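Here you get one chain, nothing else, as structure tokens; it is the form predicted alone.
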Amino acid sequence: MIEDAIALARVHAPLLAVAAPIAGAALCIVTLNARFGWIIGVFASLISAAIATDLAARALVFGAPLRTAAEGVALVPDRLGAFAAGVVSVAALLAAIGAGARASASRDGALTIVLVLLSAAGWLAAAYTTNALVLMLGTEIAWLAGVGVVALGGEGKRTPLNAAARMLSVGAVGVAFSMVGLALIADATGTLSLSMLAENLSFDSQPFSVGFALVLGGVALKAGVAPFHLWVGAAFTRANAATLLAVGCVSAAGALLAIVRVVSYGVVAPEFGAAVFWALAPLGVACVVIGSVQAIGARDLRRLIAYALTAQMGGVMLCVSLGSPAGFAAGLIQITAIVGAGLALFGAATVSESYKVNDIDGLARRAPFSSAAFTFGAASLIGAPMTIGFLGRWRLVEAGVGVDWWWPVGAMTLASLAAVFYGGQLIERVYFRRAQEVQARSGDRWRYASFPALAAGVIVIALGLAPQALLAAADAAAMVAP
């Protein structure tokens, strides 16, 4: 009986993984109790993560056939989508624990938890579809939920609304790009099914390339890829835990993984493959340079971390620009490293009520677990050995050298050097400086909010020490065919 239920659940795994956070959000709306909603949100996220990671492990690590029920045109996953859903679902679970613990004591806590769950559901839907229109709809639902989290979760009265308005403006531009791009793709190929593109190579490549470029531009705006990160500074200047974890980690991961999936299908057109390199490679370099400079000059801890992660996104763009399975696999590992470092750093940053960089001076004496999370996350940003950040950089070097493209390797070396400066500064402040004044801490709620940060830090180190399963999953996911 139990085995039959598990088998049935596995057949409908994509639908259940998306439905779980939606059902949790519906229950939260019915109750409108923030503390009870936090429990529901964590439980729904746990179910979703269990289903998604089980599907990813079976398909990518153990080599089981990826056979799921076709839920209409929407949820027919491929292997890359299974990998993406696994990463997003785990990030959403940790974000729900940390963000929900803080939101449960706020006035709009229940609604914040609802939006965090809807954001996760949107990104999971985008991961589990091979239909370009459904992918765009899932992305937009997740983005609008993230805008709501920013509007509710900021400090001050006007600042979060200004940030949300900026995000809406950027999102509107992204929607326009995506809609025009989808129209051009449909006109050139006669289909919006990404999985059908490899079977239909007789289309007009020019409108196809323009359409895909517009779709990529729309998603890149939502990922916060420099120089399209106009909303990042405003969103994170007064952000609270919910915004930092849900938008800074879950949404960033979902958008970056969407970029990888779109490009992996688009390179079936030879002309588009060349165009992808010349579009994404300079974008990756710009992302590394701009993000690193802004991180070095930041005085607010939230902005420093956000810009540092933006610089790391440049590595993903460089990986994807190679247009090869090795490049896609390296990009997937790099995204996993970004999520792990982001959860560790953003989660640890919420240990105090103030987010000035100098407020973490001597943090190791006051909060050893948060200090450990800071150290693990900063070490991964630097690309220190025995961390997943090092693994992502090494795979990029392998992929670049394999096709005799050395300058992407040089760009990532530059990113690592910059990360040594701002990442090393964080570690130095935490362990080797004395606090100038006693900082307020967030009391009992931090016991819950600290869990995702420390868990993410442990994952960063664990995957760096034993990366076999992650490498196997990334290599399998990079082979696009379902």
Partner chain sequence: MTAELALLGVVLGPLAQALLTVILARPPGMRDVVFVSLSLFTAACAWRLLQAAAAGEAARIALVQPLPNVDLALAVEPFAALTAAVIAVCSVLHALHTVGLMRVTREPAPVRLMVFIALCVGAVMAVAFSANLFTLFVANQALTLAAFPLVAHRGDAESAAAGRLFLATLLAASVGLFLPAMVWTYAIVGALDFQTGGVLAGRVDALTANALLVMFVVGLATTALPPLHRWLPAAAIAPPPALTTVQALAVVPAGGIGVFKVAAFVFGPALHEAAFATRSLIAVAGVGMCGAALIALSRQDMRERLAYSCIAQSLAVLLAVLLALPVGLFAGALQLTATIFASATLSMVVGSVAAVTTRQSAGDYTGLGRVMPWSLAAFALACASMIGMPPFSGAWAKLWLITGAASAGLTWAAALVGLAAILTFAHLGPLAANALAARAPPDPFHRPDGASIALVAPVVLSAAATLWLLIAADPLAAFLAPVWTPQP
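Remember, predicted model here, so these are calculated numbers, not experimental data. Numbering follows the first chain given and starts at 1.
The following text describes the form predicted in complex with its partner chain, which does not appear among the structures shown.
Looking at Leu391, you'd find a heavy atom of it within 4.5 angstroms of its partner chain in the predicted bound form. Contact between Pro14 and its partner chain in the predicted bound form is not found at the 4.5 Å heavy atom cutoff. In the predicted bound form, its partner chain lies farther than 4.5 Å from every heavy atom of Val458. Interface membership of Val397, defined by any non-hydrogen atom within 4.5 Å of its partner chain in the predicted bound form, is confirmed.
Between its partner chain and the residues Ala26, Ala57, Leu32, Val420, the one pair within 4.5 Å by heavy atoms in the predicted bound form involves Val420.
Just one listed stretch, out of 286-294, 90-98, 381-389, 304-312, contacts its partner chain in the predicted bound form at the 4.5 Å heavy atom level, and that stretch is 381-389. Along 460-477, a non-hydrogen atom within 4.5 Å of its partner chain in the predicted bound form is carried by Gly464, Leu465, Pro467, Gln468, Leu471, in order along the sequence.
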